[in-house]
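A single chain comes next, written as structure tokens; it is the form predicted on its own.
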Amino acid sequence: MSAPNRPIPAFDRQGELSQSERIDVAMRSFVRDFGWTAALHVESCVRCGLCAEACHFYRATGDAKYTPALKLEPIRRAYFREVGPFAPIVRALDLVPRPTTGDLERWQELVYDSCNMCGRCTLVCPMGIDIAELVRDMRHGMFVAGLVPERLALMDRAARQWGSTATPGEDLPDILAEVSERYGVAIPCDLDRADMLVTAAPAELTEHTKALAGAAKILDRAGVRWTMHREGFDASNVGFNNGDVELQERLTRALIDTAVKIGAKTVLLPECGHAYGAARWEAGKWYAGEVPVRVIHMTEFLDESLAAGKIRVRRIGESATFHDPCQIVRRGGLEAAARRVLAALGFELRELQDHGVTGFCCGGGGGVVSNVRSAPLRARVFEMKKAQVEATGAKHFVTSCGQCRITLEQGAKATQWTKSPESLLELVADNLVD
């Protein structure tokens, strides 16, 4: 007899903390994470509503609860009750209520299910409030309070045990050997010395192995002495998304310390947006601002290799549109690099209505694609992206982020859309010429 259909709960809990303890732990974390910048941001919000129109979740649903500024309510309460200039009076008169467990459970949906930390709200805020970064601070408080969506918590536990959400490091050589045999390209592993440490996202070790093989072809053609390594190979960094700062540091150090160990001067990140944020822009947190190696995204490597003449590609000569991954373009700055690669491939680029730094998120970043509970909401956001792609009439639909690609593939499958997203990396690999 099959189990009855039950609604997916709107929140999950981990650990054995009591309700009161969860509130105290979350509030202490919110306060501890406060700096002068965060305090200024909380004080600066003028409730103008521009962030709502910038948010794809709000635009897709029209539901006011998805307004980005409203998602900062836990931090706002923590600030005014605990560290604001009138905190003693606020507490004494209970002018700002202490959060309840119900509040935290409701906020779990808002910061994990309906926020990709894409930064579009940050971009339009007239007061310069980095809402996306404050949501990350909130996720840290939610994580330590044991209030993370269970699927993300499961991935967190796997990464703590294996160093990856996909596989233990000890299995990496066998996985790479299988990919090598399937595609007929060598993928070096655990070399003692190399000039470049190449990393992967979990999908490249599972369903998107062609991307890994493509990277190998390009690296070899460019004449790079490279390796992958079981001690540091998964760049996706689930800790960065979940708010697990301890795990974020451990996973980042695994990549950079392994590169130093083998004498590599460069860490090459895969087509993964949050890998770029975690390892490129936040690594300085763990190395006192002096990261001992260069960290670059695959898009940068393709752009630089083409410009230097280390690789050449056949010109495809067809129309294409491009989905700009938020963490790579809006928050990472690689808008022009991707377009130079597309130009080298001879594409007639037809831009989306919203593109570049103003492009809309795929809807799955920040771990949302792995959060089963958010699937209906992601589907509504996908319709926005689908409409913009169809409006271009372009033959090809390209992106440079594996997580975006997975999200968009899921949306296409759910709607029986025939235009499948293509990997920029794979397009280059498939069109290499001597």
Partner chain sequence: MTLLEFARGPALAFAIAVFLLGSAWRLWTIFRLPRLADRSPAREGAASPAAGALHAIVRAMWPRRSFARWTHFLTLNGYVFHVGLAVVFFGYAPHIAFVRRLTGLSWPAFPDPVMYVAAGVTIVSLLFALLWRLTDPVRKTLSTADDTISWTVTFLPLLTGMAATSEPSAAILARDHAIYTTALSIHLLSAELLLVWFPFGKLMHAVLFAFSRGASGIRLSHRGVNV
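This one's a predicted model, so the numbers in the text were calculated from it and none came from an experiment. Positions refer to the first chain, counted from 1.
From this point on, the text means the form predicted together with its partner chain, which you will not see here.
Visitor: I have Ala158, Ser370 and Val398 flagged as a candidate spot, so tell me whether each of them has a non-hydrogen atom within 4.5 Å of its partner chain in the predicted bound form.
Guide: Looking in the predicted bound form, the three residues Ala158, Ser370 and Val398 all stay beyond 4.5 Å of its partner chain (heavy atoms).
Visitor: So, Lys285 and its partner chain: in the predicted bound form, are they within 4.5 Å at any heavy atom pair?
Guide: Flag for Lys285 set to yes.
Visitor: Is Asp195 part of the interface with its partner chain in the predicted bound form - any heavy atom within 4.5 Å?
Guide: Taking the distances in the predicted bound form, the answer for Asp195 is no, it never comes within 4.5 Å of its partner chain.
Visitor: So in the predicted bound form, does any heavy atom of Glu409 sit within 4.5 Å of its partner chain?
Guide: So Glu409 does not count as contacting its partner chain.
Visitor: Test of understanding: in the predicted bound form, would Glu300 fall inside 4.5 Å of its partner chain by heavy atoms?
Guide: Glu300 belongs to the contact set for its partner chain.
Visitor: Quick check for you: of 145-153, 84-92, 214-222, 179-187, which stretch puts a non-hydrogen atom within 4.5 Å of its partner chain in the predicted bound form?
Guide: It is 84-92 that comes within 4.5 Å of the partner.
Visitor: Just to be sure I understand the contacts: of Met127, Leu191, Ala343, Val260, which is the one whose heavy atoms reach within 4.5 angstroms of its partner chain in the predicted bound form?
Guide: Partner contact (heavy atom, 4.5 Å) among the options: Met127.
Visitor: Only one of Arg250, Arg98, Lys310, Arg294 comes within 4.5 Å of its partner chain in the predicted bound form by heavy atoms, so just point that one out.
Guide: Here the answer is residue option Arg294.
Visitor: Pull the contact list for 353-369: residues with a heavy atom within 4.5 Å of its partner chain in the predicted bound form, in sequence order.
Guide: The stretch 353-369, when checked against its partner chain in the predicted bound form, contributes Asp354, Val357, Thr358 at the 4.5 Å heavy-atom cut-off.
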